[in-house]
Ligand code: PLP
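Read the single chain below, which is given as structure tokens and is the form predicted alone.
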Amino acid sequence: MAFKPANNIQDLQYFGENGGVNPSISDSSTYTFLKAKTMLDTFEGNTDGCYLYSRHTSPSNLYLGEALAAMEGTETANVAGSGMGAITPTLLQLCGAGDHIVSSRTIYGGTYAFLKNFTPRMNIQTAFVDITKLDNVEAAITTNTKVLYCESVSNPLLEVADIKGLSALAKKHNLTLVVDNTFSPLSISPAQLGADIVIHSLTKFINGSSDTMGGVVCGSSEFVNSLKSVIDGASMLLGASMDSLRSSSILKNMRTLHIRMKQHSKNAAFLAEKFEGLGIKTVYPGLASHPSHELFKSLMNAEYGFGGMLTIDAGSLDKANALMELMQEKNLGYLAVSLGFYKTLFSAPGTSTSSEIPEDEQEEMGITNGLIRFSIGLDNDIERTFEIMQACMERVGVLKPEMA
């Protein structure tokens, strides 16, 4: 039977302690042991069946983790207080001094900064490669390489990773393939395609209401338990924990994720086709012009579409800024970083979410001054949205009258 991510979520059944249809929130930072020896055993690493302290885990966090593991099809998952709170412990758990990582060169700016500027302090080095060229990826692997790292759909250029091909390389060289799936929840299921570990920033599409931060690491029980070890677990010891109230809130929002992702994808596909039809340089995996369109089709769970992210090139930073300010003024969305909100969000990555990357490297990657990244919202009348956007583009000179 084919794997159905959203259905796996709805098959989970939780009851509150008084019969509530939502699980009760564990509003405690610490938990009681009935026997002193159980506490001793727990601190020696035997935590099965015990709640110790909310930095380790809590019932609310386990509920959310179980739902996310069901979504991605992994054995288990561990939630964190932010996306970076999931990414950084994962890489530090997998790598130590002298180890090496091969990473996509186009990734979220915070992840890039961590790998480029922070991990070298611990003598962990990273080679940044064009992840779409498997020959280049394999050429960068050394005897010290431990991890292949990529994003299913890259931030902000929307490059698509060949997860099946990367998985084959990882197995060939005995590496761990870590995939950040933040841009494409449900649309792509990396673990089903061969990824060992799947990461999300829950802050984005999965939560969907831009009111909290969160992250998750989905993987094997062995790896997730190692992250949570009180002895040497990077998640436990670095302390990027999620509050139970927040995990409960995300779990409730997650139950509508399959509906929201379909609408995000539908609206983004509509706008991308319209923008491209006007002659604007538009990047969206659902367009036949996207270099990895066929690859995405071979990886995707088709009912959820190609995702809610697209980019256009406004021609210059001045035009990009003028367009974004005008679109915000016309209530088409917000000039803001992040993504996955019910309203459209737009930003210029070169001066925001990718600003940690030096300008010369941005240029080499293809992050132009006029690039605008859109997270397309849940608009009910997307045709009206397009008509107003088109008028804004004409007004600021992104779109010449003859193009319209």
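The first residue of the sequence shown is number 1, and the count goes up from there. Please read all numbers here as calculations on a predicted model, not as lab measurements.
What comes next is about the form predicted together with ligand PLP, which does not appear here.
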{"property": "In the predicted complex, the residue from Pro285, Pro190, Gly308, Gly214 that sits within 4.5 Å of ligand PLP by heavy atoms", "result": "Gly214"}
{"property": "In the predicted complex, the one of Thr182, Ser241, Gln93, Ser104 near ligand PLP [non-hydrogen atom within 4.5 angstroms]", "result": "Thr182"}
{"property": "Contact stretch among 297 to 305, 94 to 102, 148 to 156, 324 to 332 - heavy atom within 4.5 Å of ligand PLP in the predicted complex", "result": "148 to 156"}
{"property": "Residues Met84, Ser201 and Lys204 all lining ligand PLP in the predicted complex, heavy atom within 4.5 Å", "result": "yes"}
{"property": "Close approach of Tyr108 to ligand PLP in the predicted complex, 4.5 Å, heavy atom", "result": "yes"}
